[in-house]
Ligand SMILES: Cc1ncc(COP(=O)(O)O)c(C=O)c1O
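We begin with a single chain expressed as structure tokens, specifically the form predicted on its own.
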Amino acid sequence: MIYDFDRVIDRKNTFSSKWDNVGPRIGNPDALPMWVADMDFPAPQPVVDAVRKRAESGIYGYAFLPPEFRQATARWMKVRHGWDIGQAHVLYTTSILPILFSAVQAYTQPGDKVIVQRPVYYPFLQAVENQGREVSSNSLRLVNGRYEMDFDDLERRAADPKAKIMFLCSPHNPVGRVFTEQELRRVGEICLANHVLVISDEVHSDFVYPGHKHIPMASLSDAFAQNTITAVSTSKTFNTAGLRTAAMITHSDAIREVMEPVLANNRVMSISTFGLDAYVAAYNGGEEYVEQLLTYLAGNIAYLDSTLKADMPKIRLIQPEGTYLMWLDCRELGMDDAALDDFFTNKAAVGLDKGFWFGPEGSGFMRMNVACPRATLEEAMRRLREAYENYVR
């Protein structure tokens, strides 16, 4: 079927965090919300049909995890990413973040270190610091408009005996990198050599643009598979985050034996009946939707990029290789973080994620969600252009 991504749906007063929580979270209730990673598009029809069928039953009791959950996960990994997960363990969790928080509990002690690559999705930092561990930032380097890994620094950090885990964000949120096989192999080799467990958040893996390819870290070798926890979900790809369903994949019996009781104790393995149906339907029948969505998003990105270059040259898009989250380099505006926040949030009334949330390396940047109808993006650009012209005048 043909999906209409241009259709504008009024999400106000629906308990939408993105739309109804923009005031408390971003600072201006009238700001156009383009912050949290939540699309303004309906889920694909197979998902809608599955949820509707469950709703019509009228009974929403406890569910157990059927074989279809693992089968659908395995199918999607094979079809979309060429990864045959074979006899891997596929554990149900309510979302990606409990996997990260639980891994910190399971594999570290207070005072231990977790390697992250800032600027990075800020709950990564919370998973470490909120549990009394230390962030070891192998910061990404911006070189000629593209972020790169600093492998010499990674080797030093991984060699620290207090470093137990590395959080890998692949594709990377917020900088939009889709890491190459060479980069991933280097990460895997460094972590293996230093007994550092890799937790690979691959929730954005389906959003990859031409010229790039997502490669699951664990797919590169048996040794990497034995040293990697892969976190995936339908939540971003199919806009089902509210249905609370994700998967943890590992080929290691030892990892499963350690992680499963921690996840259970954290009460994040309780199955969402609607979420289970939606997850299986999405991974079994979502290809058509994803292909059309990627084409539409590429159009939004091209529009954003051309508009900034033509009308707001002091705001530069870091060209994304993946995700629908745009990393805007605003340093040429010459504002500190407070002024930059005020500029977007109040002067332009466009609600974005603030760059410094992603670590000090994000100072001078903003993150923008373009998974919305073109009309919404055009309105955001109109507001931003007006504020920009007033500022540079």
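When you see a residue number, it is the position in the sequence shown, counting from 1. From a predicted model like this one, the values you see are computed outputs, not experimental measurements.
Omitted here: the form predicted together with the ligand. The next part is about that form.
Peer 1: Out of Ile85, Cys191, Leu184, Cys169, which one falls within 4.5 Å of the ligand in the model of the complex, going by heavy atoms?
Peer 2: Flagged contact: Cys169.
Peer 1: Though the ligand is not shown, can you say which of Arg256, His81, Arg244, Arg118 has a heavy atom within 4.5 Å of it in the model of the complex?
Peer 2: Contact residue from the list: Arg244.
Peer 1: I have Asp112, Arg157 and Val196 flagged as a candidate spot, so tell me whether each of them has a non-hydrogen atom within 4.5 Å of the ligand in the model of the complex.
Peer 2: The answer is no; none of Asp112, Arg157 and Val196 reaches the ligand.
Peer 1: Could you tell me which of 300-308, 205-213, 169-177, 125-133 sits within 4.5 Å of the ligand in the model of the complex, going by non-hydrogen atoms?
Peer 2: Only one stretch qualifies here: 169-177.
Peer 1: Would Leu97 count as a contact of the ligand in the model of the complex, using a 4.5 angstroms cut-off between non-hydrogen atoms?
Peer 2: Yes.
Peer 1: Any of the heavy atoms of His251 lying within 4.5 Å of the ligand in the model of the complex?
Peer 2: Answer no; every heavy atom of His251 is more than 4.5 Å from the ligand in the model of the complex.
Peer 1: If you check in the model of the complex, is Lys236 within 4.5 Å of the ligand, heavy atoms only?
Peer 2: Within the cut-off, so yes.
Peer 1: For Ile26, is any heavy atom within 4.5 Å of the ligand in the model of the complex, or not?
Peer 2: It does not: once the ligand is placed as it appears in the model of the complex, Ile26 has no heavy atom within 4.5 Å of it.
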